[in-house]
Ligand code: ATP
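Take a look at this single chain in structure tokens; it is the form predicted alone.
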Amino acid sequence: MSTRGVVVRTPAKVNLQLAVGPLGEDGFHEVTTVFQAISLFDDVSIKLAKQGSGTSLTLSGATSGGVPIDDENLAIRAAKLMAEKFDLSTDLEIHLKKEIPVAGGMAGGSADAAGVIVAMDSLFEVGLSRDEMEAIAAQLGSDVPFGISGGVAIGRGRGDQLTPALSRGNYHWVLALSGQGLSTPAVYQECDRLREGLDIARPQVSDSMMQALRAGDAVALGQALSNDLQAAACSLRPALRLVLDVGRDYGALGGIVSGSGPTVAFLVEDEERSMDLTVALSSSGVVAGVVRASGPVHGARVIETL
């Protein structure tokens, strides 16, 4: 092994579309989603540690508060899975520099797990293909494979069966952050409650969404944004409706609760509109923070060797 450690940069995601099917007998919902990776990143560092010291996890960064450092953290679970599969050392120092919101519907924990898989593949020179890494990632959670692939992709099943999507252009996002996260299981339960008694169709990819992406048409994409969990997230956190209203009032092309929320992602026309909306949201008193980003960007990749 030529290096003692690596740093992997791994992106957040927004769901441009999230279509949720009925609750299955296995307790899960079939989903169809369109992911876009955006330029909000966590950096995952892994170094070889002293023999016999085991795996440790440390944290830094703007969104590191409250993040677990034990087996609850997907990064630790990813390291153990990789070690078990390929007979690798578990004497590791993992450090997460976090900028992706926690429990914000942007797959921050999944991004970290994806970063660990890519980092350990590089550090131990395992030689996995991206497809092989995505298959391992799917064992950890439905959003983890997309953290490895990045770009724009359609997710089916539980969101982990990925197909790259044809997409042109670069898109500007303004992300309204909440001071408190939302539990994904709680949002799905509320979705089921709100839809009780209704005949729910099998989830499908939106034609208007795919046409907008193929054309690189930001206006059409803004109109096509959709999330079947948005009503449930707004039911549990009514202030999200105010946030969506502010974005519309200040000229966003479209706004959507990202994933299970509570982050609200606004698509805007250009950098100037991005700045205007950032100022408006910051002064509105209805958000805890505002971040600007663009997409699509690459999935998890090594940016430094240590």
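One rule holds for the numbers: they count along the sequence shown, beginning at 1. No experiment lies behind these values; they were computed from the predicted model shown.
Beyond what is shown, the protein has a form predicted in complex with the named molecule; the following relates to that form.
Only one of Glu72, Glu132, Asp192, Glu84 comes within 4.5 Å of the named molecule in the model of the complex through a heavy atom, and that residue is Glu72. Checked against the named molecule in the model of the complex, the residues Met120, Ala78, Ile148, Ala107 give one hit for a heavy atom within 4.5 Å, which is Ala107. Judged by heavy atoms within 4.5 Å of the named molecule in the model of the complex, the contact stretch among the candidates 84 to 92, 151 to 159, 197 to 205, 108 to 116 is 108 to 116. In the model of the complex, no heavy atom of Thr33 sits within 4.5 Å of the named molecule. Taking the partner from elsewhere, Val67 is found to have a heavy atom lying within 4.5 Å of the named molecule in the model of the complex.
In the model of the complex, the named molecule sits within 4.5 Å of a heavy atom of Val102. Among heavy atoms of Thr184, some come within 4.5 Å of the named molecule in the model of the complex.
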